[in-house]
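The chain below stands alone and is given as structure tokens, in the form predicted alone.
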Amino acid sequence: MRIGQLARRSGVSVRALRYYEEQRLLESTRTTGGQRDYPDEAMERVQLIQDLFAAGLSSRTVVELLPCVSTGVATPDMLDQLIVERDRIAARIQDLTRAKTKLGHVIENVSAANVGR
């Protein structure tokens, strides 16, 4: 699949896809005309990259951890890093859930105060 197709299907800009290649997050082959050609699995890879970025992982960390996604094999250091990142994300989810709950209480209080107006 060409870069424009991957961009449209994944919702990621062509520029971002080129950046992913520069950072060694995504691989493509080249056609005889020099155009990038991505395998069908690139869609899943791009989604994973987007999810990991959204979770706060840096491109450097993603580059380090992606090999174990592809192979299903992790060194002890990689496994430790995966656990650290998972635990960091879990803590962030707890923080966000707490903030959401507090905002819900504020909304309830404001709504109740505005009912009598």
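Note that residue numbering begins at 1 and tracks the sequence as displayed. No experiment lies behind these values; they were computed from the predicted model shown.
Separately, the form predicted together with a further copy of the same chain exists; it is not shown, and the next lines address it.
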Notebook entry, point to check: Would Q47 count as touching a further copy of the same chain in the predicted bound form under a 4.5 Å heavy atom rule?
Noted result: yes
Check: Is there a heavy atom of R86 no more than 4.5 Å from a heavy atom of a further copy of the same chain in the predicted bound form?
Finding: yes
Checklist line | Contact test in the predicted bound form: R92 vs a further copy of the same chain, heavy atoms, 4.5 Å | finding: yes
Note to self: Taking a further copy of the same chain as it sits in the predicted bound form, is Q5 in contact with it (heavy atom to heavy atom, 4.5 Å or less)?
What the structure shows: no
